[in-house]
Structure formats: structure tokens, C-alpha cells
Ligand code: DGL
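Below you'll find only one chain, the form predicted on its own, shown as C-alpha cells.
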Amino acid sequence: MKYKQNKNAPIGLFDSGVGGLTVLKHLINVLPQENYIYFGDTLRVPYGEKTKEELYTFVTGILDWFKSHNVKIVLMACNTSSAVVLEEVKNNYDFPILGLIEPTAEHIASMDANKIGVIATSATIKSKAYSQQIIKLSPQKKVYEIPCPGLVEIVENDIAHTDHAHEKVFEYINPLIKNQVEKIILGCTHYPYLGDVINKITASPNMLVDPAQYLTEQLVNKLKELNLFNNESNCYRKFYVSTAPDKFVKAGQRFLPDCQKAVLINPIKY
């Protein structure tokens, strides 16, 4: 598909809530000159417990909304939608759509580590998107996938510092430790909020793999390929949510201080 976007148009990215801000933080560090529109679908969080049909409806509605805002590219800052519906929608729009799974799997395949853990939502684990992509590229690797219901809600409710959060994370990480994994993929963009807790449990600060880093690298390459780097000096970041903007801002500021205000939009109008 041939793209004809405006260089100075915004980059759109979305997630079910504050999780995608962990991706936006990477983007701002690497591409601070770009314009960004972020949408958090807080009304329907968590995505990880939704059906494929529901996710398809949510994602196409959001992509249509981004199209109305003339974005030049969209990032699925959500592992669940990347795993479940990206392949079905990526060729249906006149802008590129990038996801988290492929660039991360390529990175893992290039590593020496052969025992890989993946923690993610139930929908992402059910799709086997990470294990299939990694093993396709590097058949000798062993991938252990753990569904982690409840962790997204812990982050969205801003209770990552509590004993309950620590106990829940330990429940999911302990099987990976027992299997002696060498790396753990944070297969949900909410999970970097739990990075300190996970590092305490594993006692290894170098074990975690954040897919946001590799999606950011893929974005840089795509902008270069299409000659779409913003060339204006002024840039903006806008945040939209489908419910509870104040709650979103409060939780989001823990990871991205730039998130000062979120605008509520009517989800019926997607």
C-alpha cells in the first residue's frame, strides 16, 4: 500500500487504559519532535478478557476515529489487540498500523537466551502470538506463557505498591522462576508499572524485556522509510479517554508526567 501522509500529522497510539503510556514514554525519549494523539479506552478496560469479536469492534472504531484526526501512523500500544486483531485490520486503512509482537519476537530470536517467559493478558496468551512468532524465528527456544488476570486492574486502580499487588505478581512470576527462564517479556503495556515489584521477585534487574523499546525502533525505521519525520519546531501531545479522565491522569502520571489532562470522548461516536 502506498501512503501519502503529511509529515507533520500526529502519530496515534491506543490502549485499553494507562498501559500504553509506557510506550509513549519510549516514543517521546526517542522522537520528542513528533506530535502524538493517545487514546485510552478506559470504559472497556481490560481488553485481555474480551472476545476476538469485541476486540475487532473496539479496534476498528478507534482506528476510524484516528482516521478522522488525520494521523500519519497508528501504533497498537496494546499487546492484546496486537496479538488478536492486528493482522485483520492492518491493511484496511490509508496509514501504517504497527504492533508490539513482531519487533519483540525478532529481538528475542536474536538473543542467546533460550528459555523465555511471557506474562500477558489471557487473550494474548490464548492467541499464542509471542510463542508462535518467537519459535518461528528461532525454533530452539522454549517459551513459557503465563496468563495474568488482575494485573491490569491493579495498575489502572493505582495499587501497584500494595501487598495484594506483590502477592498477585508473585503468583504469576514464580512458575517462570521455577522453570529457570532467562528473560521475561512484559506482554502487556501495563506491566512496566509493576517492573520494580517483578525485579524484587526475580532478584534480577536485567531479566525484563519491554516490547515498547522494539516497537519504537520499528516506528523510527518506518518513518525513515516513508520520509515522515515531523519537520516543524512546535509539537503537541493530546490525551483522550472513554471514561474517568481524572482517574486516568492520576494513574498515568506515575509513568508519564506529561499526562496532565485527558479529554473525555463519547465512545458511541467512534
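Owing to the predicted nature of the structure, the values given are computational and were not obtained by experimental measurement. One-based numbering along the sequence shown.
The same protein has a further form, the form predicted together with ligand DGL, not shown here; the description that follows concerns it.
- Proximity of residue 48 to ligand DGL in the predicted bound form falls within the 4.5 Å heavy atom cutoff.
- In the predicted bound form, ligand DGL sits beyond 4.5 Å of every heavy atom of residue 75.
- Using a 4.5 Å cutoff between non-hydrogen atoms, residue 152 counts as a contact of ligand DGL in the predicted bound form.
- Using a 4.5 Å cutoff between non-hydrogen atoms, residue 118 does not count as a contact of ligand DGL in the predicted bound form.
- Screening 137-145, 174-182, 187-195, 88-96 for residues having heavy atoms within 4.5 Å of ligand DGL in the predicted bound form returns a single hit, 187-195.
- For the stretch 73-107, the set of residues having any non-hydrogen atom within 4.5 angstroms of ligand DGL in the predicted bound form comprises 78, 79, 80, in sequence order.
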